[in-house]
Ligand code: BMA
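Before any questions on binding or motion, here is one chain by itself as structure tokens, the form predicted on its own.
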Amino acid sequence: MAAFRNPIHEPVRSHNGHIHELFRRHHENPILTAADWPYAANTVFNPAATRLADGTTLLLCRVEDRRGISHLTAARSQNGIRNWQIDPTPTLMPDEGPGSDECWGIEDPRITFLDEFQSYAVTYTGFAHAGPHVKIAMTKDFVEFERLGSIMPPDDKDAALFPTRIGGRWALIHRPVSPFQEAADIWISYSPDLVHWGNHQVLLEARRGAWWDAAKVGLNPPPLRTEEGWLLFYHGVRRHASGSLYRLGIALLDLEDPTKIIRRGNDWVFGPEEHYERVGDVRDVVFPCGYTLSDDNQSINMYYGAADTSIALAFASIPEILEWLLTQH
């Protein structure tokens, strides 16, 4: 069955004609909660997303059990909105053996289909005593996985691959953290084989001061190729008196050299507003890890975690996003 077509409405525009609201929430949000799960869970959130060859939408969801340990479970839907078929047991479990670098769980996956291997690469965060770190697993069917192991040392997370080699090498966006940093920035690294990584450099810095993305920035879903460049959806964090506020921003990277930033939006474009986004295990968080595209590749279906408690869905027009970026300086 073909993927659903988005109920994209006319964009909301400000008094000067600029697009104000890029993402529109689905009216049935949240679309998945722990109450939908076939086994006991505390929360479900931060899903990776992809469309399979038959048009089915697959979400690889972070599921936190009642111990506090996270694993990944696949949910499939013909229309990407409802009637989810959820794996009856966890799809990918952490290795909790002695000395494991996943003993405290695996979190926040991103899915990239690598045409060269005709396989899906799942980047995710392993969590253990040393801290969070980036891992990769390969799969063709989301049943069997080949784990390639850790590719970035702690503390590092929020990682995703570009879908094709760039200049003959694979490229990975990720977010290392150091206790010596005032803020945390997004980095890019390169590899000939998905295992050995180098040529590390800062890609996009957190702004300072009162900016909405002043405390830290990190990648959300994998980069999206457009004719104008790679669309980069990233979260920015602003710390305030009652905690941290997570919101979504957009940048555009050069297709041939993604270290060149063509445009970066000044404003955040999507933030916690609804009750299910503001109240939960972690309040005031919208955190997308995956998207699918409409049949005509003109709109994006963004799946996101809401308040670290549920999964929700929002829609956006890719031409509108690019048009908005052109207004940014």
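Just so it is clear, the model here is predicted, and its values are computed rather than measured. Note that residue numbering follows the sequence shown and begins at 1.
Although it is not shown, the form predicted together with this ligand is what the next lines describe.
For this ligand in the model of the complex, the listed stretch (259-267, 293-301, 22-30, 277-285) containing residues with heavy atoms inside 4.5 Å is 277-285. Candidate site formed by Asn46, Arg62 and Lys216: every one of these residues places a non-hydrogen atom within 4.5 angstroms of this ligand in the model of the complex. Mapping the unseen interface onto this chain, Lys157 counts among the residues with a heavy atom inside 4.5 Å of this ligand in the model of the complex. Proximity of Asp108 to this ligand in the model of the complex falls within the 4.5 Å heavy atom cutoff. In the model of the complex, Tyr246 approaches this ligand with a heavy atom inside 4.5 Å. In the model of the complex, this ligand sits beyond 4.5 Å of every heavy atom of Glu320. Contacts of stretch 289-312 with this ligand in the model of the complex, defined by any heavy atom lying within 4.5 Å, are made by Asp308 alone.
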